[in-house]
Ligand SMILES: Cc1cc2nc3c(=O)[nH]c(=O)nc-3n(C[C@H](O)[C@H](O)[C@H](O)COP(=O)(O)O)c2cc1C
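Quick heads-up: it's one chain on its own, the form predicted on its own, in structure tokens.
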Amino acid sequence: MLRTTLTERFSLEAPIIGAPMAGPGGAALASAVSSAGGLGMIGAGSAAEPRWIADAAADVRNATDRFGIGLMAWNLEHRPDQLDAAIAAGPVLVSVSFGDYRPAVDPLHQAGIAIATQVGDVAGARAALDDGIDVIVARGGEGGGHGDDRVATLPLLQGVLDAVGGEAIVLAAGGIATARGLAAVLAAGADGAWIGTAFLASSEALTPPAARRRLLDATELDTRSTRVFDVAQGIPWPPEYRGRALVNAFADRWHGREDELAGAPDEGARVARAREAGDYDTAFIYAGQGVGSLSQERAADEVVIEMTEGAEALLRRW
């Protein structure tokens, strides 16, 4: 069994946290990851209502008391009720990333809940340690969905470990989709991995069938970090956090023309209609460069077990 500070802190059997993916990352996926020995996370989108958070947490509790919830720091200024709902749900971990997480630190700690945040540079990791963050996620630019894409996972992880390793739990994120990836970051000194894309084709993920097919057909070359989908929908993500998604005709047309896109409200409506219709030439599918490792739909527990057992075998052989 792979034992790290992460597994000891949260009583896990696998050094894996399922990234809180808004959309695909609902209660079923969080339950499956936790039941397999990792820590499953519920991903609350910017529009998630407190009742949705409470209901998702209640559903997870039917399977396990060990789960987490992911929130967006930039959104909490306008939606403090999301933090209140997350605290009331009683998870063991809440991640607050992409913006000023500091207002959430004391309320979470006072409730006995650990807090995680994703960082994109070494300075951010040092600041997170000083601010009392318990779990620091070194999220490299290969990662799917939103984040700071300036530095790749391996150089970022090395710098973060040198800066704060041993003082906080450090996880690696971005491009880790197989046992080899997990073994690599553990060998480098990470306490575990923060994994999203590897679960997108899981049977428990809320990934629409047409999106699932695209994910399984994609290669590591088929993603792009872009703001076009946020701009089109009018979602006020801070511009420094772009979203890595599968390339498609919509992104090809508008990438680099975001100012023009912001003045074309009909394009946002077109994206919304495309999502409803399953038209992923226009609608988005957020995924990281690890998407090339997806070859078939599998249960999330199989993903956790295969990655953990495979990483342990690789490390023992090494």
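Here the structure is a predicted model, which means the values were calculated and not measured. One-based numbering along the sequence shown.
Only in words, not in the display: the form predicted in complex with this ligand, which the text now covers.
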Does this ligand get within 4.5 angstroms of any non-hydrogen atom of Ala30 in the model of the complex? no
Is Glu142 one of the residues lying within 4.5 Å of this ligand in the model of the complex, judged by heavy atom distances? yes
Classify Ile53 as contacting or not contacting this ligand in the model of the complex by the rule of any non-hydrogen atom within 4.5 angstroms, answering yes or no. no
Spell out, yes or no, whether the shortest heavy atom distance between Gln82 and this ligand in the model of the complex is within 4.5 Å. no
Among 60-68, 286-294, 272-280, 259-267, the region lying within 4.5 Å of this ligand in the model of the complex by heavy atom distance: 286-294
Checking Gly181, Gly196, Gly120, Pro91 against this ligand in the model of the complex, the residue with a non-hydrogen atom inside 4.5 angstroms turns out to be Gly196
Answer with one of Val231, Ala173, Ile136, Ala104: the residue that has a non-hydrogen atom within 4.5 Å of this ligand in the model of the complex. Ala173
Heavy atoms within 4.5 Å of this ligand in the model of the complex is the criterion; list the residues of 22-39 that meet it. Ala22, Pro24
